[in-house]
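Consider the single chain below, provided in structure tokens and representing the form predicted on its own.
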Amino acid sequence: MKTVRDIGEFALIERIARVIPTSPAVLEGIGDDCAVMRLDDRLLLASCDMSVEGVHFRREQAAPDDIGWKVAAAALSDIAAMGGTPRFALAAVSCPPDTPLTFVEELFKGMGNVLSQFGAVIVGGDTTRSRTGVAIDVTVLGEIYGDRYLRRTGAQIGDLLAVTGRLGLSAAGLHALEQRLDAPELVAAHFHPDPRIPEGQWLSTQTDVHAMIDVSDGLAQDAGHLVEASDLGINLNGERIVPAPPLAEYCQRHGLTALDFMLAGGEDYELLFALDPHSAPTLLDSFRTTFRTDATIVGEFTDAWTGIRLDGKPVAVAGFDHFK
């Protein structure tokens, strides 16, 4: 009998999508960052993100409000990847009966802090007992203003691949926590990612941006989702994938490779998008001016192959898969 370990997380999602019914009101169902539904003249978004103690966090490594921030930020990032506006959230928490009340209260404060930063509020959820450990699920509901939103599909031959901000800091922060190494800036990046909500909204209004995804599982894997959706390939340019100074310094100090964190680390929650090469210089300059955030071209879409290559060679590292 096959198990979920045999096929992995993404093949499991594909199998689930084949066996459940849908509705004409569903414009985007399973398979993208958010579900998109039409309700009269409005486009509604819905996404959920679950975190489990021992897999996504350890209580001894972080304050409960940091854990709450990280969990809610992950769900918000899916809204950002479609160019949407978050409005409401539902939070479900499962915990052992002997969990301190202050832990749960601070956990919800952390979730509320990041949600309120973008105009969203928690309106309900669920609580239940677990036998071991804490599990948290955050569902964010949002909307699209207008009719245009960005999907994983839509990249075209010759498009450039660009990414906001810097990659690899979150994964390096997790590494520092696990190895008990001193890297406060990286640890802060791990627990306090900034969902790119306004940036995603702006990018969705640019007709020369053709597709988008958030970087939750690593540059290589999430770029792979973009090419799978469009049946294309991407050649990543290694010289363009430059580590931020804190990551470079950390890796140099401990004999690590920064590129591994950037390609396969995940949980950066930056935005990865395909754009027309002719408008790229002007568009990216405008983006940097508007948000005072960097956006870097890191690759190019091609029909010469499918999948991801780095400087023309297959990528050896893979992103995060829950079941493999």
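Numbers for residues come from their place in the sequence shown, where the first is 1. Every value quoted in this text rests on a predicted model; they were computed, and no experiment measured them.
A second form of this protein, the form predicted in complex with a further copy of the same chain, is not displayed here; the remarks below concern that form.
With the partner left out here, check for me: in the model of the complex, does some heavy atom of A316 sit within 4.5 Å of a further copy of the same chain? Because no heavy atom of A316 falls inside 4.5 Å of a further copy of the same chain in the model of the complex, the answer is no.
Whether A304 contacts a further copy of the same chain in the model of the complex should be assessed with a 4.5 Å heavy atom distance threshold; does it? Answer no; every heavy atom of A304 is more than 4.5 Å from a further copy of the same chain in the model of the complex.
At the 4.5 Å heavy atom threshold, is L160 in contact with a further copy of the same chain in the model of the complex? The answer is no: L160 has no heavy atom within 4.5 Å of a further copy of the same chain.
If we define contact as a non-hydrogen atom of the residue within 4.5 angstroms of the partner, is V123 a contact of a further copy of the same chain in the model of the complex? Contact with a further copy of the same chain, yes.
Can we say L186, T205 and L275 each have a non-hydrogen atom within 4.5 Å of a further copy of the same chain in the model of the complex? Contact check failed for every one of L186, T205 and L275.
Taking a further copy of the same chain in the model of the complex as the reference, which of A280, A62, L259, A46 has a non-hydrogen atom within 4.5 Å? Answer to the contact question: A46.
Residues in which of 192-200, 236-244, 171-179, 107-115 have heavy atoms within 4.5 Å of a further copy of the same chain in the model of the complex? Going by heavy atoms within 4.5 Å, the stretch is 107-115.
Heavy atom within 4.5 Å of a further copy of the same chain in the model of the complex: which residues of 54-85 qualify? Contacts from 54-85: G54, V55, H56.
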